[in-house]
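Coming up is one lone chain in structure tokens, specifically the form predicted alone.
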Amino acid sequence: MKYGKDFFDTYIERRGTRSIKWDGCNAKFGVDEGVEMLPMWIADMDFKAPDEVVEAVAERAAHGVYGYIINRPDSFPASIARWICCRYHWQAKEEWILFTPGVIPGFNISYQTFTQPGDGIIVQTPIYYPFMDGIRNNGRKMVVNQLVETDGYYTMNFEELEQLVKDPNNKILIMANPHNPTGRCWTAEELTRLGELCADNGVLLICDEIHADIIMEGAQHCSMGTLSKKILQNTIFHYAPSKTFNLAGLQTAYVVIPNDDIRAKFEAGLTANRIFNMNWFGQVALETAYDRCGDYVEGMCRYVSANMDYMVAYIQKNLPMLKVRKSEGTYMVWVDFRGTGMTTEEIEHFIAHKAHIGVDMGTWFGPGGEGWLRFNLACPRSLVEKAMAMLTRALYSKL
């Protein structure tokens, strides 16, 4: 098997490559550069991209001229539409697809286009923190609909949400499916209830499905695009191959907007910011990945699922003061450190300065993240084992 365990077991040295995850780790967490930290934070993988993508990008690089590129070649939306049909089980028309340089820039275009300063944008915390950064940076009001946590399992607070969507000052709701950082794959029933609440109350739904390919064994992803026409016409879908194939540095993302009026306004927002040109290498990487590398996805998901099984079993056996559930989607795990007896501030200092592991801090994800840490397990098993050993030594020396 080409993309089996041996492929993903391979350690690739990333230090000295200008990697934010590795070369920027110590500075991010305020740890002396002489300390060797183990980065398990920012959501990119330590796996090599598919061989087919590497070869296609190298061939493009060999041309030697890297000028402006056609914004929307016919092959770009065609590859995307096929992928969505095959993987997410709904029909996205090619004319619904628009390029964005990233999911977060796309979110910011929506904030600027469909809201005014001071308008409310609903977020379901704990949630991926750049969503909230964009709300603040654009002078909009963040309205929190905190998820309900029971033994590490998260559900939506629909009773509160029903009140929030009825407030005419709240214009947008942001959701992540699968959810980041909790790893939930929302059910069709949950998605339908949320989608209908938004559509019936004039709240535009912005749905981040960037992790939709990364589903763990035994779980299932339900795309918002598979639901009713009413919901489809009130939703902006955000996707990218960046998480699935480790292409984040190539900045090739896209939106799918079925509603003609919403799409025209969004495209005007892109134009206002002069966002036209795709990344020279990103285009060929996306098309190659989507057209030829489905087996890579299956292999990667199996490998990450096994990493999660290992980490969950290890914690249950050796670190009973911690609580963790296997994620249903994404390659992150969300770990509850509240049983250590440390305060949130102490937990976040401990993990970086005592355990020397770089992770995403729970407080970054907003209300409900206190006392939790997010670990990225898209890495060779040897690094997961090393992290567990480092964490065990640090915890027992402290406790």
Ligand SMILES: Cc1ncc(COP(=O)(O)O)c(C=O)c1O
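Numbers for residues come from their place in the sequence shown, where the first is 1. These figures come from a predicted structure and were not determined experimentally.
Below, we refer to the form predicted together with the ligand, which is not included among the displayed structures.
Checklist entry - Of 298-306, 111-119, 269-277, 205-213, which is the one stretch near the ligand in the predicted bound form, taking non-hydrogen atoms within 4.5 angstroms as near? => result Selected stretch: 205-213.
Next on the checklist: Going by heavy atom distances of 4.5 angstroms or less, which of 219, 142, 78, 104 would be at the interface with the ligand in the predicted bound form?
Outcome noted: If I apply the 4.5 Å criterion carefully, the residue I get is 104.
Checklist entry - Tell me, which of 245, 131, 237, 186 has a heavy atom within 4.5 angstroms of the ligand in the predicted bound form? => result Residue within 4.5 Å of the partner: 131.
Item to check | 4.5 Å heavy atom contact, residue 355 and the ligand in the predicted bound form | outcome: Judged by the heavy-atom cut-off of 4.5 Å, residue 355 is well away from the ligand in the predicted bound form.
Checklist entry - Using 4.5 Å between non-hydrogen atoms, is residue 56 touching the ligand in the predicted bound form? => result Result no; residue 56 lies far from the ligand in the predicted bound form.
Checklist entry - Just to confirm, residue 38 within 4.5 Å of the ligand in the predicted bound form by heavy atoms? => result Contact with the ligand, no.
Checklist entry - Closest heavy atom of residue 43 to the ligand in the predicted bound form, within 4.5 Å or not? => result Result yes; residue 43 sits at the interface with the ligand in the predicted bound form.
Checklist entry - Hey, which residues along 164-190 are within 4.5 angstroms of the ligand in the predicted bound form, non-hydrogen atoms only? => result Counting only heavy atoms within 4.5 Å of the ligand in the predicted bound form, the contacting residues of 164-190 are 176, 180.
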